[in-house]
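Okay, so here's just one chain, in structure tokens, the form predicted alone.
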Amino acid sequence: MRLAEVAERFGATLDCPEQGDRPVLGVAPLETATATDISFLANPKYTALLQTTEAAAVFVRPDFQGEAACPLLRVPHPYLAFAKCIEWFYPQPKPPAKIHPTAILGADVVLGAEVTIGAYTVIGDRVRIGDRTVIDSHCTLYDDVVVGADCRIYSHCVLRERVQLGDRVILQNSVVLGSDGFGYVPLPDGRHYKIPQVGTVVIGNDVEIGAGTTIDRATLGETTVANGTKIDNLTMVAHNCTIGENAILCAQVGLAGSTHIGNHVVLAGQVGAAGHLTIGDRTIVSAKSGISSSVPPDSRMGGIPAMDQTLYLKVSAAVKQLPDLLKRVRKLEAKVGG
């Protein structure tokens, strides 16, 4: 592909049209791009790399004013253009639509058109799988599971009984959906009586769930993840949680039971929520924070326990001054005592 074709395909304005015949063979980061690679600049902290990159061209915003060692492709959203460029140059292979001879299918299974089921995967009774869905090897779908169209389920995933997936859902390796919620009744003699977990898990359309993540079934009713939400690796979602649309849960987030996450919420890595609380729409919580009570919409939170982000930054700055402050207090105490 030529540079001019890249500009046309991705709706970009090429700063140097006379270089439109330059060949483009791939994509790469600014620091490693070669003369046949496309790159992008989305974060201003990397602007200096534009002067040293060897890229064929770089996607930038239309109002970018800096200098560069290569032609610029001006687009409203450089990161999105770069992502689409990756899709174009590196299309993901799709396995052929077939059922591997070692796969085991239960009674009354309903398969859509062009479904792929890999080696040693076990499909329970009355499972329904939508068109063009791909299920890799060594997966287990228990009885009465429903999987929508165009889903991709990677190896070693487990979908327990009655779990439902919408369309275009991606489950990375070793996801477990619908395991029992962690519920017990303390007995007078100190033992714990298990509460039956008879609900299920319902996943909306266009959801992606990262490797090793677990989402527990509801005690009663549903644990739900709404359309468009993305969940990172090693995340724990407990029973009866609800997660709204287009939320982002980064790695190792932990939600205790009956946590309710609004739409467009962002929980950074290792955020924990105490349970039986609500985090309002469009809230952003910084990494390693602990949410102990409900949070209103449009909040910015951080810390343990979580507080307003501005206050959290002030507290963090003040903590660094504590050793010097303690010395000053001791000196004052010595003077007063003397």
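Quick caveat, the model's predicted, so the values are computed rather than measured. For every residue, the number given is its place in the sequence shown, counted from 1. C-alpha atoms forming the largest set that superposes within 1.5 Å between two forms make up the rigid core.
What comes next is about the form predicted in complex with another copy of the chain, which is not displayed.
Contact between P23 and another copy of the chain in the predicted bound form is not found at the 4.5 Å heavy atom cutoff.
Another copy of the chain is not shown here, but in the predicted bound form it comes within 4.5 Å of a heavy atom of Q270. Although the partner is absent here, V315 lies within 4.5 Å of another copy of the chain in the predicted bound form, judged by heavy atoms.
Contact check for L311: a heavy atom falls within 4.5 Å of another copy of the chain in the predicted bound form. In summary, among the residues I284, A69, I304, A35, the only one with a non-hydrogen atom within 4.5 Å of another copy of the chain in the predicted bound form is I304. Scanning 134 to 152 for heavy atoms within 4.5 Å of another copy of the chain in the predicted bound form gives D136, S137, H138, C139, T140, Y142 in sequence order.
Residue displacement note: V329 has its CA displaced by at least 2 Å between this form and the one not shown (rigid core superposed).
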